[in-house]
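In the form predicted on its own, a lone chain appears below as structure tokens.
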Amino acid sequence: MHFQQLTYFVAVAETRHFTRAAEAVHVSQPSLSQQIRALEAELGADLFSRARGNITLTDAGEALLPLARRILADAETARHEVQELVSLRRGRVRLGATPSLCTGLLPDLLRAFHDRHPGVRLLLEEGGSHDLVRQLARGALDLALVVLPLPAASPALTTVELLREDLVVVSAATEPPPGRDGSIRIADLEGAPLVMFRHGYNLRELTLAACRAEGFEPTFTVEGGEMDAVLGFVRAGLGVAVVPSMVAARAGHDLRRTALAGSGLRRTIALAHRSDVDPPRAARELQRMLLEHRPVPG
């Protein structure tokens, strides 16, 4: 079994078309088909069903696909690790983060990293914690900033707590301030128009759980947005939203920030990577900078 065969197999599995797969990996279609047949012969099983030109994965193909992706990702990581042994003048870091962290935490940190290592490429994947955990598991990311606790079905990951961040309520600066004396209780959100994130957002689950703990279901005027969309809807006066304090601090003067009274709401951010594979050198350097300069939310 060769890496090239696995590359061709993954290309066909993703395109479900031999000709398009051959174009994607820059090889002739007959050569690609020959290598797929050789792989099937070595494994002793058909990987694709080729009924009337409709290409689908067999059970054996379905079983091989996640393993092949992980093998190829690990091989690519190994290649980059060797290239980076001499210095950090080149390389890459594949970093995953939630949209709120991309807005609040990462801009200054990535600027400092780039200034120190301008030859290292920064590849950023935005997504929810559940999606980022899956990306880490398949070897598509070196590091990820995730919200704890991790999903119950998470693979073996190493996590280091980075910070605990308060959540605050933001509202349009042109609207009357919510709450009293510069703060608001979760209970005060009952009946208030809320702009809510899409399903899968950790902030959505945290807000819903807090409201239900106070005995009510929140009222949504708009739901389903990403961070930028939610802030835009709040600016337009459609309602208020519960967001991380670092995001609120960067949101501009057209949004009012109101603290949550009492115990309030907090979330725990951690830096995660696979336990069975050390991150590449450039990723370890970014990890070191993150841990050494843990932000203090204002």
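The term rigid core refers to the maximal set of C-alpha atoms that superpose within 1.5 Å between the two forms. Remember, predicted model here, so these are calculated numbers, not experimental data. All residue numbers refer to positions in the sequence shown, first residue = 1.
Only in words, not in the display: the form predicted in complex with the DNA, which the text now covers.
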Which of 229-237, 265-273, 33-41, 243-251 lies within 4.5 Å of the DNA in the predicted bound form, heavy atoms considered? The stretch 33-41
In the predicted bound form, the residue from L57, V27, A259, L65 with a non-hydrogen atom within 4.5 Å of the DNA is V27
* Please check if H293 has a heavy atom lying within 4.5 Å of any heavy atom of the DNA in the predicted bound form. => no
- Task: Considering only heavy atoms, tell me if R281 and the DNA come within 4.5 Å of each other in the predicted bound form.
- Result: no
Residues in 1-20 that come within 4.5 Å of the DNA in the predicted bound form by at least one heavy atom, in order, are H2, Q4, Y8, H17, F18, T19, R20
Once you line up the core, how about E23: does its CA shift reach 2 Å between this form and the one not shown?
yes
Once you overlay the rigid core, does the Cα of L231 travel 2 Å or further between this form and the one not shown? no
- Core-aligned C-alpha movement of A282 between this form and the one not shown, 2 Å or more: no
